[in-house]
Ligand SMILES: Cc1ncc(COP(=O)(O)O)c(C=O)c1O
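One chain comes next, on its own, written as structure tokens: the form predicted alone.
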């Protein structure tokens, strides 16, 4: 069964063939790594980290190899070009865009800005832990608002929990570890309302994977509304988790809180790769296709085992295994599979990242052997 929770029909026969043909056309210019069907502790199937297991596109790898030849030089021109690429894609002025080594620096610096004001942090629970973890390290008070009965972020409950000393409101959309989204109109109203009282930080790390008419990026708000920051990362669909590249969208006055006059910490290699990767829409389409194939395999298992799960708007699933997630992780580890860590208070729920479809089938078979 599902909570808001949906099941998709398993792709079979002609539908699966059609999907394979589409994928093969898209990847005609790509070299796709082979699936890992003999995993070991040293070379496991990584179904616990929400990564793009295919890695960066071939086009991005090529320009990164070339950029490494000039790694000894400062490359301000490359950063300027990347800014222009993102500005055109997102239809935002260049001074509303900042670039850094992933989205983490922006999440942390926004929390530092909250600490300078000696404010509290308001965030849903559970959610991605970078902001709340940094807040705890800085000794800030955190107001944690449980997700609603449908396991989505409850904006009404967050409104009720808002106080005058809250200086940072954090929202991850889609959320993590629960791959739910916040309805676009409600979120827009909430962001505008709360930004009059505090900084509102919207983390859109997984937005490229969303295929839901109720979802919308909040980037358009930053031109007219101060105190709203939207973060993005190349770590997911672009496969840059180890390369590091991320963006923040904000009003220039707000941007001063999270950036310096210039950034010398950016890698030439990462910048060059991002310029190419963000324009390689064909590769992004391929990754979304493969993600859907793998998610279908997982959802078929949930249906067969009558598990409740959250409709995924991302590259990971969240399902109720009916037993501690630590027990699931231990059992799968014997098969060379890494799954998600515990996410209190949902300790019987498992976060499972999608991997290559062939690997996903291996994971499902191993899970059924242990529990199905």
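Positions refer to the first chain, counted from 1. Quick caveat, the model's predicted, so the values are computed rather than measured.
Keep in mind that the form predicted together with the named molecule is not shown, yet the notes after this line are about it.
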{"query": "Exercise: residue 102 in contact with the named molecule in the predicted complex, heavy atom 4.5 Å", "finding": "yes"}
{"query": "Distance check, residue 215 to the named molecule in the predicted complex, heavy atom within 4.5 Å", "finding": "no"}
{"query": "Partner proximity in the predicted complex: residue 128 to the named molecule, non-hydrogen atom cutoff 4.5 Å", "finding": "yes"}
{"query": "Exercise: residue 236 in contact with the named molecule in the predicted complex, heavy atom 4.5 Å", "finding": "yes"}
{"query": "Check all three, 299, 312 and 318, heavy atom within 4.5 Å of the named molecule in the predicted complex", "finding": "no"}
{"query": "Partner-proximal stretch of 78-86, 159-167, 190-198, 104-112 relative to the named molecule in the predicted complex, 4.5 angstroms, heavy atom", "finding": "104-112"}
{"query": "Residue (of 288, 251, 244, 219) lying close to the named molecule in the predicted complex, criterion heavy atoms within 4.5 Å", "finding": "244"}
{"query": "172, 275, 123, 98 - the one with a heavy atom within 4.5 Å of the named molecule in the predicted complex", "finding": "172"}
{"query": "Residues within 4.5 Å of the named molecule in the predicted complex, restricted to 197-217 and counted by heavy atom", "finding": "203, 205, 206"}
